[in-house]
Every structure is written in structure tokens, then in C-alpha cells.
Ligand SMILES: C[S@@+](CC[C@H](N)C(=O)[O-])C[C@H]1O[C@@H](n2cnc3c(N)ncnc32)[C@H](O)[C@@H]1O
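The chain below stands alone, shown as C-alpha cells; this is the form predicted on its own.
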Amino acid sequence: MKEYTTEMDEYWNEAGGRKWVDNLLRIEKTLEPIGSKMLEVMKEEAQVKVLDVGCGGADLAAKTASLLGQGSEVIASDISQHILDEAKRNQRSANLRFLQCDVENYDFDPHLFDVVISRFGVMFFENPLKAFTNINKSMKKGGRLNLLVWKAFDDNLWMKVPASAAFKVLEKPEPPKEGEPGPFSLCDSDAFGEMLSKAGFDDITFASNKLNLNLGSLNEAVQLMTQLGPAAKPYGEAPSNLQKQARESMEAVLSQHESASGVVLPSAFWLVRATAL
């Protein structure tokens, strides 16, 4: 039996990883417009070695590899072997490689990467300062750090609206304590910027972005929000009668945001850029 080094290692290689794989196509399609923001940044690069942290289904990594083309290399990393196995089945590119590792603790060769990117893959470190210090050591001097991280929960209605509806039925969990891993752990730009500075980065900027996300059909949106997001764990642990009521509650509120193309709700995120010293 595999021994896990952290709670996040166990989660993403067990229940969390399986849930992600089960919903991978819907997740990638929903987040694709946000990934395009990163691709716009990467158009500035040429002949570089790139690390993608928490690559998930590797859709962004594969598109980055295709954009950069021959002479560049993209290493798509993820802590979850389940997710990486699925990514390998779906993504192909001559200059795309895969690496299963916990970036927080992995012993990278020093000064290896010109660019490090991540689309919502850096909010789950057990020790964020240690993780970003390790990332910094893996980067060349002057290397570029480009991250997409969620802004506050209240700004992300695509998660808040269905979760709030579910919590009318399910018991709402205590919010994560400061510093604990979770989707909104890096939403405070002042605190995150200070951490990046301590980890060895300079020229740190935060660009605020808002985009409407399409969660798919009403059925797809309800299914996605029962499996991922703030209500997923309480939903999974609830008895079947409460699960049924929670789904009905989410369906009712999500139907108010249904359009001809699907259920559409706003998201808010930071594009964080920094330079390795």
C-alpha cells in the first residue's frame, strides 16, 4: 500500500483524483476560457523550458507546448497519478512531458526552468512558502512565474451560488483556517505577494480578471457541483435523502442562470506574474 507524505498527496491520489478524472472533460471545457489568458502571456516566450504545476488534465500544458513549438519543452506535473494517467491518454505533443511529483518537496535540478506556469494548481500546498521557495530554486535567474489563482469565494458565483443552495440542506463545513490549503487560500493578493517576495521573487504583479464560465447543461452543472467545490464533501457524506434534496436545491438556483448555451455564472481570478531573483 502506498505511503502518502501529506494529506493533499493522499487526497489527490485517492478520492480527489478519482473525482477529478470522472469530471475531467467538463472541468477542462469550463476552465478553457481562463486558460486562454495564460496562453496570451506565453505568446511572449520562445525557446524555453516550462514547468506546469498541478497540470490536471494537461489541456493547458498541451496547448502551451503546441504554441511554443519545436525548441521548447513543457513538463506537465501533478501530484496525482490518477489524473496524470488520464492526461497522458488525452494529450499528445512532441515537446510535452509528464512528471508525477509533489512540487512542494520534489528535488528539482537547480536553475532548470525558464518559465513556471499554473492554472489553479498552487492553492493546495501544505506549506506554500516552502513550495514557492522550492519552485524558485528550480528556476533560472530572471525566470518568469505566471499563475492563475482564484479570488475570494464571494467573487466566484459559479461556485458560491450552487454551494449556498446545497447548504440550505447540508451542514455547512467550517471555512479553512488561514494558511490551510484550499481553492481560495491565495486569494489575498497582499499576503500572497509578501509570500512570493520571501520565496525569492521580484516584480510581482496581480491582474484582476472576471470571466463568465459555462458549466454545461443544467444536469451537467448540478453533477459538477456535487462532485467538486465547497459542497462536494458534505454532499458525498450525506444520506441519500439529503443528497436528493441538495441536488433539487442546486438545480432550482442554477436553472435561473440557464441560457441556450448552458448554465453561465461569473468567475473571478488573479493572473499573478513574478520574476525569479
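Remember, predicted model here, so these are calculated numbers, not experimental data. Don't overthink the numbering: it's just position in the shown sequence, from 1.
There is another form of this protein, the form predicted in complex with this ligand, and it is not shown here; the text below is about that form.
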> So which of F113, F192, F124, F201 reaches within 4.5 angstroms of this ligand in the predicted bound form, heavy atom to heavy atom?
Replying inline: F124
>> Which residue, L170, C101, L157, L129, is the contact with this ligand in the predicted bound form, using a 4.5 Å heavy atom cutoff?
In response: C101
>> Check L31 for me: does it contact this ligand in the predicted bound form (non-hydrogen atoms, 4.5 angstroms)?
In response: yes
> Is G56 a contact residue for this ligand in the predicted bound form, using a 4.5 Å heavy atom cut-off?
Replying inline: yes
>> I'd like to check something about A165: if you look in the predicted bound form, is any of its heavy atoms closer than or equal to 4.5 Å to a heavy atom of this ligand?
In response: no
> Could you tell me if I79 has a non-hydrogen atom within 4.5 Å of this ligand in the predicted bound form?
Replying inline: yes
>> If contact means a heavy atom within 4.5 Å, which one of 172 to 180, 203 to 211, 89 to 97, 114 to 122 is the stretch that engages this ligand in the predicted bound form?
In response: 114 to 122
